[in-house]
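Presented as structure tokens, the chain that follows is alone, the form predicted on its own.
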């Protein structure tokens, strides 16, 4: 039996699950708009965190770069669009791409400074950068409105319906996942995984280590900036508290609990955790204790996350499943 026929049932199951998931994702907002706008809002925010968690998983799980600057790049995207709209009258549809570009250029500058050194330098630098940015935004009250918040034009004007925002954030999540999945499975992704495993060996084989690390850092910075721009024009206000370090820790925890080496698992982890935090809101501070305990258990007993192994067993998704598939193909099984 050839590999094509052997994998056919699993492929059909994968597409069936994907189709059902998309149908549910498209249908559920119409129901929630009539029943509970609050939970529709929660889902929109969950998709936003899913974008951040999956893009951080590309940076850390695939490229092997540990950064604390993701929420800062998100804020750069949002504040750039908001400030351009406030002072120059730029509409959101032009401000969001501008914010994405500025986030990418900032990531490029940080990468040029740090990525030639050990991974710990990037982590320390992005912590310092995030705090400096937060203090700068808070201190420049005359420009950014500081803690009182920068008000932004809503993306879809005066409409009271959340459906346009829901489908926009859902589309952004789907297309960002598709783009990152293509990148991971391209030649660039192969080089990134080689760098993650052993930089010196990859460099000895002719891989331009700094170039590809810089590429991954800039791409993930731009994805965070893009998500931040849409988020800012959905919420309508930005404050320095939006990107404090605990929020960055939440994004990292979402990726780790989902499965840092799997883009889809990290995204699902972001959605589940954000929804769960709202479900547990009645527990007040105890919900964070429960969440922290889950993170500790995951790090201790499930190094590959909680969602990634499940996806691997059911649908053959994930780096380990792909490795076994390639090995079986090479042996002609």
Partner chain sequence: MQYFLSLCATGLVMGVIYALMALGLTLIFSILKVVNFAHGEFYMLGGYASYFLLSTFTGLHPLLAVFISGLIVGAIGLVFELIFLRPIHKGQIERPSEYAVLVTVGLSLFLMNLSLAIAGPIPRRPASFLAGTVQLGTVNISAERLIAGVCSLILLGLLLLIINKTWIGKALRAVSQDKDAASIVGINPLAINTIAFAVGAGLAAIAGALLAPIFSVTPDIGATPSIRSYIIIVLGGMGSIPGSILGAILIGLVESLGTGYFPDPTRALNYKMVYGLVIFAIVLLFRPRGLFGRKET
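Fair warning: this is a prediction, and the values are worked out from it, not measured in the lab. Residue numbers count along the first chain shown, from 1.
Keep in mind that the form predicted in complex with its partner chain is missing from the display, and what follows is about it.
A.B. asks: Sort through 268 to 276, 297 to 305, 47 to 55, 32 to 40 and report the only stretch with a non-hydrogen atom within 4.5 Å of its partner chain in the predicted complex.
C.D. replies: Selected stretch: 297 to 305.
A.B. asks: How about residue 141: is it within 4.5 Å of its partner chain in the predicted complex, going by heavy atoms?
C.D. replies: Answer yes; at least one heavy atom of residue 141 falls within 4.5 Å of its partner chain in the predicted complex.
A.B. asks: Determine whether any heavy atom of residue 249 comes within 4.5 Å of a heavy atom of its partner chain in the predicted complex, and answer yes or no.
C.D. replies: Yes.
A.B. asks: With the cut-off set at 4.5 Å between non-hydrogen atoms, does residue 87 touch its partner chain in the predicted complex?
C.D. replies: Residue 87: no contact with its partner chain in the predicted complex.
A.B. asks: Given that its partner chain is not shown alongside this chain, does residue 120 nevertheless sit within 4.5 Å of it in the predicted complex, heavy atom to heavy atom?
C.D. replies: Residue 120: yes, in contact with its partner chain in the predicted complex.
A.B. asks: Pick from 113, 174, 94, 154: which has a non-hydrogen atom within 4.5 Å of its partner chain in the predicted complex?
C.D. replies: None of the others qualify; the residue that does is 113.
A.B. asks: So which of 163, 237, 135, 108 gets a non-hydrogen atom within 4.5 Å of its partner chain in the predicted complex?
C.D. replies: After the contact test, the surviving option is 135.
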